[in-house]
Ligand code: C2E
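In structure tokens, one chain follows: the form predicted alone.
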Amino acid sequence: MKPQTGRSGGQIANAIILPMFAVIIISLLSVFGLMIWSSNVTDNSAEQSERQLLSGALELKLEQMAKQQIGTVVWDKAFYKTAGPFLDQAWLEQNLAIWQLQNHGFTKTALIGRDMEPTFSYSSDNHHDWLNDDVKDQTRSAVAKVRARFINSFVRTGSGLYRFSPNYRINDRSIFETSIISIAGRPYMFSASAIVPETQIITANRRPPVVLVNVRPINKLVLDVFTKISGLRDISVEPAHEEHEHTGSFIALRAPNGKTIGELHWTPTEPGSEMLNRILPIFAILAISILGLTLGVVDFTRQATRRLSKSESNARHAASHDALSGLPNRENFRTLVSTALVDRSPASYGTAVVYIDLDRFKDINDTLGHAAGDEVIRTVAKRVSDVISSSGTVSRISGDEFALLLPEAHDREWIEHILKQVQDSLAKPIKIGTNALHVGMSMGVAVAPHDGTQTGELLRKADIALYEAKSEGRGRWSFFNPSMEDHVRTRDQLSRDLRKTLENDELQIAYQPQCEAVNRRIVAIEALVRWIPINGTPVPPSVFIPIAEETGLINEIGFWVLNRACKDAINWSDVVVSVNVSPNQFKHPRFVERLIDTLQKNDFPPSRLEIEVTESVFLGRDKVNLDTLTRLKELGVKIALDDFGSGYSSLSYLRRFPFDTLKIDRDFTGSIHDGREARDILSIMIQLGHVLGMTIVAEGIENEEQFTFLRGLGCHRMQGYHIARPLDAKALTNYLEDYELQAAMDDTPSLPAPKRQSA
């Protein structure tokens, strides 16, 4: 019975154990197979994610390269410099090739002409013939796409002409194509962009563009950038191998013509295999290991994607916003205006563009430093944004210039209400350390559709209105009207004519004598610049001097007057020559050196030269101005304060600066009949000059009554039509000769009438 029992027990045991063993083996094999399958799936998924990250990094770098070309290809000067049949190779090399090499690392540059043939080639390694037939074949299709998109960007107008109206890609401002190419067996990043004008062009025929081609090697620096963006390891570039194409951890690099030119390899992470290796020794921790590793991979991918997304978002924000104020920048503002003009609703509302300029912001930078100027910009940006947060958009378009977009401008009164609020926001001083700064602003307004419906036109007219507000005294606003545009064109023409007149040495000088009050002896003359164009109609100094100040011509005009006055005055012995110096000329870093050169060239004694400056010279930079005045005094040059009392008169700088002469403005000398108060003010001004030991000169003397009254107050010298009108050099010589002749016959001569006076 026992054997039977044993057999039955063994059979039962086998019946139980073997199936259980088989189940366990099958389960283990199934679990092991599942782990291997899961490991392979995880590894492949990770590799695919890494492939997408690396591909995205490559695309991002290529797009960045195209954007870096914008400053060169969207440029009027480059458009016209590259369009002609004869190219300035030196200019192209310096401004296209070397500039982009230094700023963006583009090692090779080429221009593809309108006939698809290279017109310029440059390489940082001096192998300028890099654009061979193989490279041309690789890039031909990309260049052709750029040319086609450029040509298709011309829209036929009703007149039969074509207007250049490109449809750029989102967030881009150029027509470009990017890819990877091979040069001498080495892969390069490649970008081709059409060179287009900044301003709108109208043409009768559509012509292909000149295409700028830039390449940059995929070197260690670029690979490091890929590593930083993607988070991958051991990224390298290898030659293409057809036998393992589409296998392994690599991305095939293909030229625009489809040719495989290389492979971008990296060492992939293998989370599935790592998980499998960890769980094999200890099967009990299988689930925990798989879960931990899976969570790690998921978290890693999420973090990498989040970093890439954040980096891209930051790049977009930085490209469209001002770093200091956080406001939209100029290009972003243009986009906002364009969108507002297209989406203008309701149609009964206008779209207002307001340009804002901070008054005398440069003085803040000069006196308190750029850190204080930056704080002012941030404060102004915040205050103005708080005012119009619900009405429109604030933008910073340059150093001290802001712009407002009011897309639903109900009417002019509503706009002025907003502008009043903006001005009121700056009524409270801005505290910078211990300084409380009062910042004013000038504003120019243009409103669509009344002033135009195109973005560029509206912005230009707002700028013209801003210029009008500034020229009318600052701290105010102006709405655009067509007469302003005519005024700007007139000033522009005057500016060009003035420059040509200066180049041709066609300016003139008139000299107005000054006499002593006691014996009426001529002791000084003031040099006055005159401009009489070819048409014979004189342009008043009050018109052309501000233009010269704005264009920078005032320095050359000032030194031209100084040189001519010294040259003419050699013939007038013992007479002081007084020359006006503008604030800009006085602050020129080589003002004193050029003055010395002028005196030496004309052999003119410094003691016979008097420099006239106005009070505006002394707004800020007191120490620098004092040093300049001290140097002039050491040379023996006399210093006169012109138009005293008409500006920012301050007793403190009268005491600190070494003036020799105090010139009383004609507004005061002409007011002696206005009452006792006006005469008392004149008396106080003259007494002040006496206390400070200065020579007092009264301007605008029109009659003997004024002459006698001012002489009685102690005025030393007189100047005005009563003494003599402004004379040209020859007429002044005759005038002085007549005076000397009369003086020889009479101890107290009267002033002679000039024989010939300037017009």
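The model shown is predicted, which means the values in this text are computed figures rather than measured ones. Start at 1 and count along the sequence shown; that's the residue number.
Another form exists, predicted together with the named molecule; not displayed. Remarks below refer to it.
A heavy atom within 4.5 Å of the named molecule in the predicted complex is found for exactly one of Arg254, Arg216, Arg334, Arg530: Arg530. For the options Asn580, Asn602, Thr501, Thr628, the one in contact with the named molecule in the predicted complex, meaning a heavy atom within 4.5 Å, is Asn580. None of 686-694, 35-43, 716-724, 63-71 except one has non-hydrogen atoms within 4.5 angstroms of the named molecule in the predicted complex; the exception is 716-724. The named molecule in the predicted complex comes within 4.5 Å of a heavy atom belonging to Glu699. By the criterion of a heavy atom within 4.5 Å, Glu177 is excluded from the residues contacting the named molecule in the predicted complex. Pro541 belongs to the set of residues with a heavy atom inside 4.5 Å of the named molecule in the predicted complex. Residue contact check for Asp359: none of its heavy atoms lie within 4.5 Å of the named molecule in the predicted complex. For the partner-free chain shown, Pro541, Ile545, Ile554 of 535-554 come within 4.5 angstroms of the named molecule in the predicted complex, judged by any non-hydrogen atom.
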